[in-house]
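There is one chain below, alone, in structure tokens, taken in the form predicted on its own.
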Amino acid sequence: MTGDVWSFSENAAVASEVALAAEGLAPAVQGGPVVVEVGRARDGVRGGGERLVLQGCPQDGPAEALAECISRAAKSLGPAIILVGATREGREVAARLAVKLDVGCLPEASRISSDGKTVSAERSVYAGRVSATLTSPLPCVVTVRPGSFAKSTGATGTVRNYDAGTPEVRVRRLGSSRRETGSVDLKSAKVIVSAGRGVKRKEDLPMLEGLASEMKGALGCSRPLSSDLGWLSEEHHIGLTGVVVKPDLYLAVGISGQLQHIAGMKDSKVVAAVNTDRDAPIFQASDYGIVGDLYQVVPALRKALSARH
């Protein structure tokens, strides 16, 4: 079977990652990589190969409309594989798209390969403890887990417009508001200092922020500090339902190390941990560990770092 490999995400950063995955798959299906855009081609999205711009579809969704527009184009142009970034909206787009096209949908892929007749996707299961490989015949829809691929640096090829028409949707957007976010970019950080429930008060976080700054790194956290307590924004949350990171050094401070958190940082090059409980699960995932009170260890680390300058 021959055909192109399409890539799509409503998130520009993720779109460039998915585009790189498409570039790697295209030779196997004897096709080319195609970046799918809605309404217009975005300047921030990179990807080698053709750019297919779907005209008539609303740029801001909803997922129902995006899936309908992409399916119309796919039925006409016949791609072999459609890759969709596994963001919150992307997961819904992919599921709806697979149903509309009556094809398989492989979720949360971190590695993808094809023999020209089928596509195989590797994904983590059981909170990252086990890797499973799923296979589907072509054509197929695959969602790509953000952070699994680098961003494409390929030069954009020709732009092709396709009139997808205005889709009829049952969802009506009544309004929207932008969620407040900070400037943290954990995915590109080389060093991450991550705070857990061992931190007693929100007012103590600057102590860890200072350590991260002296190490030229960024501050992250486990789920309780963001989702439960609201001490940090969701963009700081590292874990299965948060950000997946791969820094050169990951320092877990006061984090017990539940499976959901380990799944988000297990691919770090070096992992170090500070915890008062010598039996804490985080030590099983660490290269180095300090059994001690973070309120004594962190100031000592900062003092040692300052002495080196």
Partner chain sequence: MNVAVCVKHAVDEGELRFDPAGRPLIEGAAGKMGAFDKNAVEAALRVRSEVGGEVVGVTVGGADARKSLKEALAMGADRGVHVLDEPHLLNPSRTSALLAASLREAGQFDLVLCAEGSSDTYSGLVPPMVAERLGYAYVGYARKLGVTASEVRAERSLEESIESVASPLPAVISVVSEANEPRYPTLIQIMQASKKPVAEVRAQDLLSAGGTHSVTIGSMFAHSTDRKRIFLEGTTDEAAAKLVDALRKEGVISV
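Positions refer to the first chain, counted from 1. None of the values given here were measured: they were computed from a predicted structure.
Below, we turn to the form predicted together with the partner chain, even though it does not appear here.
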Completion exercise
Given 50-58, 24-32, 237-245, 37-45, the stretch touching the partner chain in the model of the complex at heavy atoms within 4.5 Å is 237-245
Practice task
Check whether D204 has any heavy atom within 4.5 Å of a heavy atom of the partner chain in the model of the complex, and answer yes or no.
Solution key: no
Practice task
Consider D163 of the chain shown here, and say whether it contacts the partner chain in the model of the complex, taking contact as heavy atoms within 4.5 Å.
Solution key: no
Practice task
Please run the contact check for E209 against the partner chain in the model of the complex: heavy atoms, 4.5 angstroms, yes or no?
Solution key: no
Problem - Exercise: K216 in contact with the partner chain in the model of the complex, heavy atom 4.5 Å - result: yes
Exercise for the section: Name the residue from S76, S188, T153, S131 that puts a heavy atom within 4.5 Å of the partner chain in the model of the complex. Expected result: S131
